[in-house]
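The chain below stands alone and is given as structure tokens, in the form predicted alone.
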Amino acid sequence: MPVPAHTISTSFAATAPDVAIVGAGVAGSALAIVLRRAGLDVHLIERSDPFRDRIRGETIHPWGATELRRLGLYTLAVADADAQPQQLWQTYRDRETQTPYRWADDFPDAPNGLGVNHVALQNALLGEAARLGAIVHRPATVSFDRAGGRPSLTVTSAAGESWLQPRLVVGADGQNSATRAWAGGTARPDPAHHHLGGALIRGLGLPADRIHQAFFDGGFVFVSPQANDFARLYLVVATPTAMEIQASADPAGRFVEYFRDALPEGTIGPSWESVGPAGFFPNANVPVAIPSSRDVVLIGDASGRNDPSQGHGLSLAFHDVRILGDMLLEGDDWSFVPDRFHATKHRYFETLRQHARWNERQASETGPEIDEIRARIARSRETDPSAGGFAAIFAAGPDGLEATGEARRHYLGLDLADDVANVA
């Protein structure tokens, strides 16, 4: 679907829309669709034209696919962004193919995830928002101020300058959010434990109906197939290993080597090629704090980034959109919505954050101590396969789960009769 570069007036007259959304990527455009369907006046402000391929999450877990269905966006993702339904989770251990896990066997209401190219999804959502009548400023820059007790945004693009005085500003402008900085918010990354690398590869020849996860001593490779035999390959390793690979002449080639050497011999042939950027970034969660506000709200990575090695990013963004959209459509008084949304987001973000931290050591550490911890977790799962509900987090999401100290102990098997020394 063609996406307009801009659809704005060239006059400097003030416009007072219901909502101005800064950032027209996945979260911002999805929210614009929801609000335009309800008849609200929405402006979208986007810096990039076109969207660029970058190393980022392109897996939508089953709970995220459920969010898409609830938002009425699932069909759009499949039809216009060519998202690939993935009904299975295929693992490989010791170079042997394990029995694939079928989501629908345990979660009939969440039968599949999706693998999708991020740029294709951005374009599909932005195109639909524009089709529904959202005013798109692109490429554009924005400066923030206040006038008459309301936010005042000066938007500059090739079409000229526009002055917006919206009822509500939504910052959907990513982890380096300018909206957050203007609102006085802060982002404080947790200490990184390991690194996650990504590369876009064509020609791996893997079945597209499943996620592929191959384990090796010291990490794992996670592959999310896309349409036309493209796949985003993610490599999780200890930080020193990541830095050594990043400094090599062919990081993408090293990624594929790790994957190939963790699979049954002959699974990956020689005809693959790297068709995008390849690089590493830290696994750190990035929680966000924002002062009380009546008219500024943050969604997506602007309001907190979950450990990317858990793969929840897109699912979390769609969850944000649904929760905020529901709050805005409940009534005309929005003054309480920003604080209410941020408090709600903090609760489910914190659940995902703590769950990720519980899994950090198992992701990349080696040696007798971590082997003992893994064995203890395995024994605990024999007693409670649900791990207190946390084993279902990729299918059902974080709602209804509380990441308490007791939940952590149960998840790690520390409430078994015997004890494991030196478990942090």
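Everything numeric in this text was worked out from a predicted model, so none of it was measured. For every residue, the number given is its place in the sequence shown, counted from 1.
Although not depicted, the form predicted in complex with a small molecule is the subject of the following passage.
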(message) Please tell me whether any heavy atom belonging to F107 falls inside 4.5 Å of a heavy atom of the small molecule, as the geometry stands in the predicted complex.
(response) no
(message) Residue-level question: is A27 within 4.5 Å of the small molecule in the predicted complex, judged on heavy atoms?
(response) yes
(message) So, Q362 and the small molecule: in the predicted complex, are they within 4.5 Å at any heavy atom pair?
(response) no
(message) Can you work out whether F255 and the small molecule are in contact in the predicted complex, taking contact to mean some heavy atom pair no more than 4.5 Å apart?
(response) no
(request) Quick one: find which of 307 to 315, 331 to 339, 82 to 90, 243 to 251 has residues within 4.5 Å of the small molecule in the predicted complex by heavy atom distance. (result) 307 to 315
(request) Let me know the one among R36, R357, R376, R47 whose heavy atoms come within 4.5 Å of the small molecule in the predicted complex, would you? (result) R47
(message) Can you pick out, from V169, V223, L196, L153, the residue that has a heavy atom within 4.5 Å of the small molecule in the predicted complex?
(response) L196
(message) G23, G57 and F281 - do all three of these have some heavy atom no more than 4.5 Å from the small molecule in the predicted complex?
(response) yes
